[in-house]
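Below sits a lone chain in structure tokens, taken as the form predicted on its own.
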Amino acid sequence: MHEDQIRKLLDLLRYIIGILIVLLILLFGSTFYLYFNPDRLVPVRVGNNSDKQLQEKAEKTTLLNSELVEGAGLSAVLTNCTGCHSAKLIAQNRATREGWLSMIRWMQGTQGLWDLGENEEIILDYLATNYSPQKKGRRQNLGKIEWYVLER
């Protein structure tokens, strides 16, 4: 091979190595950027699920994971109440309809709870029906709990 051909071959090799280095920098840079900024990731929908199907699946999962008594108005309670506090906080309390209304007004006045609109009556009906004071003085036992043994 002539000296000129070797020089051209080395130049081509340097060019290819340079491109590979730039591609690696872009790959690792974008990976680190997404790692430290996960809110930049866009969720990808898999399969043929419509928005309605996804919403129904999410509601069923929420209902199954809830400690609250199933009944009319549960969906409104989960939607409006458990965004700020856990369902356990509701389940451990007992109050009359007026007591629940007083708690809602307190949350609206001091905790930033929004106006519940039509949902207020539905929520109050649910709470007064399922979490009213009882003479036995103890709340209903929690159900649907997967217990596990603590290992030492």
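Heads up: residue numbers just count along the shown sequence, starting at 1. Worth saying up front: this structure is predicted, and the values here are computed from it rather than measured.
The form predicted together with a small molecule exists for this protein as well; it is not shown, and the discussion that follows is about that form.
Contact label in the model of the complex: Gly109 to the small molecule, heavy atom within 4.5 Å: No, no contact at 4.5 Å.
Residue contact check: Cys81 to the small molecule in the model of the complex, 4.5 Å heavy atom: Heavy-atom contact with the small molecule at 4.5 Å: present for Cys81.
Heavy atom of Ile122 within 4.5 Å of the small molecule in the model of the complex: Ile122: no contact with the small molecule in the model of the complex.
Residue contact check: Leu27 to the small molecule in the model of the complex, 4.5 Å heavy atom: Outside the cut-off, so no.
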